[in-house]
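Consider the single chain below, provided in structure tokens and representing the form predicted alone.
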């Protein structure tokens, strides 16, 4: 019999960082196609400090991410063409270790080791150095328990249930041929053993229900969506003619609000490229409203505290526009 945590949603209390979303954009003479580790570090530092309301990045990390082993769930579907960038992971790892985390207490993970390797990540399950592993790695696999929330019944990656104490969702901003939007919530399909079952009705309510599963709901502490290169049509795979160089990150402790801002950016990019809204092409993103009703976060744009920060080549910060 599965464990149903949806009935306990009234006990779920937003932390003090919820509903604030920070978009940090690297501004240069031209929108960048890729960023270096240093540039990602500048964006991450500015964005995480703003989300936490802290002047010091180490204090911000300590406020957002509890002590213990930290997971970073990446998205490696499109291999090196358009997966979570290695440089982003390296920059986030540096921030965590600078804040006092042991590098072996950082676990970068995805559903398969093969996907990670093809996206450019080294594999390491050793007792030294940052760990990189797929759920299919030796002695990992999925939970024995079946977790239930709403219409989802799934086994969850043992990396999330047994290895890490908290998780950072390192997603990508993409169009999705079924869901309409692939960002933070959709990335967590890579944490369950049967994601193929949950794509009907534009993935609604399944995207919401997957992230309501324990331990996803309790261990996901921060969503960071890479929007440096946005796949605004033809996703979730890589289609080069539909790439827009946006040059930014979306950061929030509220997974729903982060995705809602991601959707706003995606729709505005589509409009700029003279493409119809997702709703008009049959890919309406209704699962965000469902997630809000489930108590997972905020989907109402008027209830989201949005800050846009520009970072220039010298690391100077200034107020920016969403697009």
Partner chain sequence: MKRRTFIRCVGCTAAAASILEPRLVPEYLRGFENACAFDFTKGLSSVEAKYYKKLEGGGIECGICPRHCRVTDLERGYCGTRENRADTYYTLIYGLPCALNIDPIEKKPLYHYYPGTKALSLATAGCNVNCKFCQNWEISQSRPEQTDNLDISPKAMIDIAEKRKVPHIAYTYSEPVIFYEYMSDIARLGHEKGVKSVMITGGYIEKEPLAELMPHLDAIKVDLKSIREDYYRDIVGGELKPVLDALIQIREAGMWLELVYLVVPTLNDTEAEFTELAGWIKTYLGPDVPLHFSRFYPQYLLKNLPPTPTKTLEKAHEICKAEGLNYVYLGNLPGHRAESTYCPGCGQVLIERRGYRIYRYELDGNRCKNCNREIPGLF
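Numbering follows the first chain given and starts at 1. This one's a predicted model, so the numbers in the text were calculated from it and none came from an experiment.
Keep in mind the form predicted in complex with the partner chain is missing from the figure; the text below concerns it.
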What is the one choice in 123, 99, 178, 86 with a heavy atom within 4.5 Å of the partner chain in the predicted bound form?
178
Taking heavy atoms only, is residue 194 within 4.5 angstroms of the partner chain in the predicted bound form?
yes
Give a yes or no for residue 111: in the predicted bound form, does one of its heavy atoms lie within 4.5 Å of a heavy atom belonging to the partner chain?
yes
Using a 4.5 angstroms cut-off on non-hydrogen atoms, would residue 69 count as touching the partner chain in the predicted bound form?
yes
Does any heavy atom of residue 127 come within 4.5 Å of a heavy atom of the partner chain in the predicted bound form?
yes
Hey, of 249-257, 221-229, 141-149, 90-98, which bit sits against the partner chain in the predicted bound form at 4.5 Å between non-hydrogen atoms?
141-149
79, 153 and 236 each touching the partner chain in the predicted bound form (heavy atom, 4.5 Å)
yes
Select from 145-171 the residues with a non-hydrogen atom within 4.5 Å of the partner chain in the predicted bound form and write them out in sequence order.
146, 153, 155, 162, 163, 164, 165
